[in-house]
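The chain below stands alone, shown as structure tokens; this is the form predicted alone.
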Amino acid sequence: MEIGIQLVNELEVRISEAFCIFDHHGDKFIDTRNIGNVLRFLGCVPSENEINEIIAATESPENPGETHLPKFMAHVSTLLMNRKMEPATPEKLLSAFEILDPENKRFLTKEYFGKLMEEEAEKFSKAELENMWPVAIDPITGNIPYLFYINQLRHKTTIYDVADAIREELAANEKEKKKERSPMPQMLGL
């Protein structure tokens, strides 16, 4: 993909690809209202607070209400390498669903789950719920079989796996640079 910005690793490639989906003018700027969409596309689970912090850190002073790709990429790369906005593990999700299912039916009704998602903690909008239902709801029963749903949410290689690999590569490079800079001990008498 030609974006006019040099990308140096797989993490930057993935961030730029997600960003460019929402770059409707092809100028490497997106509306800050799309930052949450970009992050979710990457597989992140940001809170509204985290989205607002990213907007504050990356919003263009020259173009208020917009974020420029290089600044966004640098900021979000650091967050991902520090495993910020990471989705819950399948084990945590299962534990949460089991709490919501005290009768151990292994499913939740759409109505019950929708009400929780709209009214509790980090509330979902109607549009977010509408986007979630096709993945969550069993089309035959109309319920949410949560073991199946949890498996639908899992990704084979997450953006965090890529970020970990880049972080390890950067640490190895830094270690190598330090080794090159430190003087070699002189072997005396040989």
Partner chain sequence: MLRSCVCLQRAGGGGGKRRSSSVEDASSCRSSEIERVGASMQTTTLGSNGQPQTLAPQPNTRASSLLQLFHRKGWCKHFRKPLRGMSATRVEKSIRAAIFIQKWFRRHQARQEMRKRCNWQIFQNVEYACEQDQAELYKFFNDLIKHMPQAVEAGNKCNSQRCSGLEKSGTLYEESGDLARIELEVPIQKSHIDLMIDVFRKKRGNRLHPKYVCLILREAAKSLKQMPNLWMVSTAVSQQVTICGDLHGKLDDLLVVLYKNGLPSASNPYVFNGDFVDRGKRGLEVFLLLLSLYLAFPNAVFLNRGNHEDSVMNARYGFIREVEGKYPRNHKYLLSLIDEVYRWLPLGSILNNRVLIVHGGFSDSTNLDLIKSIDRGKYVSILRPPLMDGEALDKAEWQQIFDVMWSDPQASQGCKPNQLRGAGVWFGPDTTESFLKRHRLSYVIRSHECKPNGHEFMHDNKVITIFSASNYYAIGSNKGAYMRLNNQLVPHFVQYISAASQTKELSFKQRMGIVECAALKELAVRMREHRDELEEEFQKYDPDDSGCITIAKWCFVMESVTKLGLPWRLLREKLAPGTDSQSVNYIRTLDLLDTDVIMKAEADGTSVMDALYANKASLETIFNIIDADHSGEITLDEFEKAIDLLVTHMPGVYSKDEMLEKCRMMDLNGDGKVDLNEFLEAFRLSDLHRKEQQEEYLRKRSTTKSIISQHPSDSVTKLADTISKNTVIIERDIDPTDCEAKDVEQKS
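Predicted model, so just to flag it, every value in this text is computed and none were measured. Positions refer to the first chain, counted from 1. Just so we're on the same page, rigid core means the largest C-alpha set that superposes within 1.5 Å between forms.
Here the subject shifts to the form predicted together with its partner chain, a form of this protein not shown in this document.
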Is every one of V8, F148 and A165 in contact with its partner chain in the predicted complex, taking contact as a heavy atom within 4.5 Å?
-> no
Classify M117 as contacting or not contacting its partner chain in the predicted complex by the rule of any non-hydrogen atom within 4.5 angstroms, answering yes or no.
-> yes
Might I51 be said to contact its partner chain in the predicted complex, defining contact as any heavy atom within 4.5 Å?
-> yes
Does at least one non-hydrogen atom of S60 fall within 4.5 angstroms of its partner chain in the predicted complex?
-> no
Should S125 be counted as a contact of its partner chain in the predicted complex, where contact means heavy atoms within 4.5 Å?
-> yes
Applying a 4.5 angstroms cut-off on non-hydrogen atoms, the residues of 78 to 98 near its partner chain in the predicted complex are P87, A88, K92, L93, A96, F97
Fitting the rigid core first, would the Cα of E118 be found 2 Å or more away between this form and the one not shown?
-> yes
Per-residue C-alpha change between this form and the one not shown, A74, threshold 2 Å, rigid core fit | no
Displaced residue check between this form and the one not shown: N131, CA, 2 Å or over, core reference = yes
Direction of C-alpha distance change in the predicted complex, I99 to N49 (at least 3 Å) = closer
